[in-house]
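Next up is one chain by itself, shown in structure tokens, the form predicted alone.
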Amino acid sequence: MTSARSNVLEIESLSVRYETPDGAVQAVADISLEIAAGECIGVVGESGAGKSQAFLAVMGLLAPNAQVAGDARLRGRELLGADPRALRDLRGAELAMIFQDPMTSLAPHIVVGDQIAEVLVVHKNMSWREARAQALQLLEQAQVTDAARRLTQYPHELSGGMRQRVMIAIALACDPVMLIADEPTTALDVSVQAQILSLLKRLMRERGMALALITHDLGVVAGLADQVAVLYAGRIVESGSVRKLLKNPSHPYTAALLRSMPRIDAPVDEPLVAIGGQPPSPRQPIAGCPFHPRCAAAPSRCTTERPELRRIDGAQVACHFPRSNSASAITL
């Protein structure tokens, strides 16, 4: 890997494995990513693809039975295997994460203002008075309406969109260099989704912050990300610039994801094309390409030989027979 782009986060050969009473579970297998300052990378795939597990490993938040291998460096500082106290100091200060469900991430019995202020007291050594004043500014930056009143409200008194804005305010309280957003708009209606994504984009550009956006929605990636990595069965199957990958996907899985998306420019009567079959179980590794049981054109080589990531026209693709000029591309 190279740090020529002022990479904020470098993940190299990351693997996550669980030992369970029912056998080993390989959640993430040999993932490598780089995220530069002021850049957003979209991490895409179906449920169970390993998206969240990879970044929970980076955060040091995996279950005790997880076995992690590889490297994850935040501005050159190794995170995997780091001293728990040092890692705890980094979380919230330089490395922050927004989780999918703000209602379960926020403490239900503490008012919103105190939850934001606590981060500043712990990481910035502010007094509670200073921290509460700063909490108000953070809510305003997160475009929370009537921010002064929201400070004294409990999470259940806020809408889903407001709760997500509070989570953003907490995550950004200490001006982190790296933000991980795990499905930040999944439970929100379309108009609120657009507002949250616009807010994240503005904050990322203003602060020069790196952003990893974990999502199953390629439409969200098209509107926010600079780079994209597509995961399948714990592995990256394709990665590259958003513009190139969504206009001309090379891996059949990426193309299938695009075909399964609703599109504004599609005819009204055009049906969505579902991806047949199911992702493989992480307990039962598949020989060859993990996507071959669901691939419409999988020659015999695909059933026996696992394809490695290789660079093709500026992108990386793990496919023996990459596609070209895909008809399933998104119009950007």
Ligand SMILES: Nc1ncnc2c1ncn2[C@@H]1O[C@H](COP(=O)(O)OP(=O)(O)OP(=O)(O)O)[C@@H](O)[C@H]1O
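The numbering used is simple: start at 1 and walk along the sequence shown. Here the structure is a predicted model, which is why all the values come from computation and not from measurement.
The form predicted together with the ligand is left out here; the points below concern that form.
Chemist: Decide whether residue 48 counts as a contact residue for the ligand in the predicted bound form under a heavy atom distance cut-off of 4.5 Å.
Modeler: Within the cut-off, so yes.
Chemist: Quick one: is residue 63 in contact with the ligand in the predicted bound form, heavy atoms, 4.5 Å cut-off?
Modeler: Yes, residue 63 is a contact residue.
Chemist: Please check if residue 279 has a heavy atom lying within 4.5 Å of any heavy atom of the ligand in the predicted bound form.
Modeler: Answer no; every heavy atom of residue 279 is more than 4.5 Å from the ligand in the predicted bound form.
Chemist: Evaluate residue 309 for contact with the ligand in the predicted bound form, applying a 4.5 angstroms cut-off between non-hydrogen atoms, and reply yes or no.
Modeler: Output for residue 309 is no: heavy atoms all beyond 4.5 Å of the ligand.
Chemist: Quick check on this chain: which one of 140, 226, 94, 183 has a heavy atom within 4.5 Å of the ligand in the predicted bound form?
Modeler: Selected residue: 183.
Chemist: Answer yes or no: in the predicted bound form, does the ligand come within 4.5 Å of a heavy atom in every one of 18, 25 and 52?
Modeler: Checked in the predicted bound form: all three residues contact the ligand.
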